[in-house]
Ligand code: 0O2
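So this first bit is one chain, no partners, the form predicted alone, shown in C-alpha cells.
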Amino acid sequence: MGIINWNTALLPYEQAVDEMVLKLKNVQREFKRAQIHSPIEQVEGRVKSIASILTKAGSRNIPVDKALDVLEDIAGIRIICRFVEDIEKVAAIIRSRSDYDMKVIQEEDYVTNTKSSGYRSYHMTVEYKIMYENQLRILKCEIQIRTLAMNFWATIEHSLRYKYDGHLPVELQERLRNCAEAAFRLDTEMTTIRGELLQAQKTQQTQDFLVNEIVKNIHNLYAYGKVEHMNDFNKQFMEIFQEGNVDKLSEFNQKLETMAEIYNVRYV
C-alpha cells in the first residue's frame, strides 16, 4: 500500500467543490435576476475529512490506497430547497447539465422511498470535470437535495449517530422517526400555502429591485449635475420606502427615469 499525501490528494476535490458551489449559486442568482422563484434556497459544499474517509473505507473493507477511487462522496454538495416540489426542479437542472459539466451517473430518491430511520433526501452522484495542474480530471461528487426541514432533521440525526458511534438506542430511534414525520408534515403544510409565500417573496424581490434602480438613478442624476435639490429626492425616496408601498416606489422610479431621459444622462 502506497503512502498517500492526503493534503495534496484532496486538493482537486476542493477545487471541484468550489467550482460547483459557484456555478449553482449563479443558477440561483439567474432566477432571482429574472424575479422568478428559485428552487435553490442555499448551496453548501464540503470535502470529506481524512478521518471520515478512513472510517468509511474501513467499514466497507476498502483498502486505504483505493479509497479515492472507490468512494463517491469525498466531494459533496448540499442544495437546500424551500418546498418539496423544488427538489425535482433542482434535480432536473442538474440533469440538464449532464452534457457539459455535471454528468449524472446515479440517482437515489429517499424522499419518496424514505429510509427506515426517517431520513429523507434526494441523492445524485455526478462526474465533474476539472483542469488541475494542466491535466483533465474527472471526479465523482455526491449532491444531496433536501428541504430546510429535512436538512434540520438530518443534521440532528447525524450528530446523535456520531455521539452513539452509529448505534442509537431503540427509544431514541423511535423519537427520531417521529420527528422526521413531523418535519415532513411541516413540508406538506408549507406546500398548501406555497402560493401566498411566493407572492410575498415576489413582492420583496420587486421592492429590492426598485430600491436598487432608484438609488442608481439618483446617483446618476447627481453625478452628471443635471438636477438640483438632490436632497429633496433622497427625502422623497426615504418617505416612500418607509411607507412600504411598492406601487409608489415604481411611480417614483419612473419619474427619475423620465428625468434621466430628458437630461440625456448616461448610466454609470
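Since the structure is predicted, the reported quantities are computational estimates derived from the model, not experimental observations. Start at 1 with the first residue shown and count on from there.
Missing here is the form predicted in complex with the ligand; even so, the following discussion is about that form.
The candidate spot formed by Glu142, Ala154 and His158 lies fully in contact with the ligand in the predicted bound form, as each residue has a heavy atom within 4.5 Å of it. Judged by heavy atoms within 4.5 Å of the ligand in the predicted bound form, the contact stretch among the candidates 44 to 52, 234 to 242, 214 to 222, 24 to 32 is 44 to 52. Mapping the unseen interface onto this chain, Lys89 falls outside it, with no heavy atom inside 4.5 Å of the ligand in the predicted bound form.
Contact annotation: Lys115 falls within 4.5 Å of the ligand in the predicted bound form, judged by heavy atom distances. Interface membership of Arg60, defined by any non-hydrogen atom within 4.5 Å of the ligand in the predicted bound form, is confirmed. The ligand is not drawn, but in the predicted bound form it has no heavy atom within 4.5 Å of Arg82.
Of the listed positions (Glu108, Asp101, Glu174, Glu181), a single one reaches within 4.5 angstroms of the ligand by any non-hydrogen atom in the predicted bound form, namely Glu108. Contact residues in stretch 5 to 22 (any heavy atom within 4.5 Å of the ligand, taken in the predicted bound form) are absent; none meets the cut-off.
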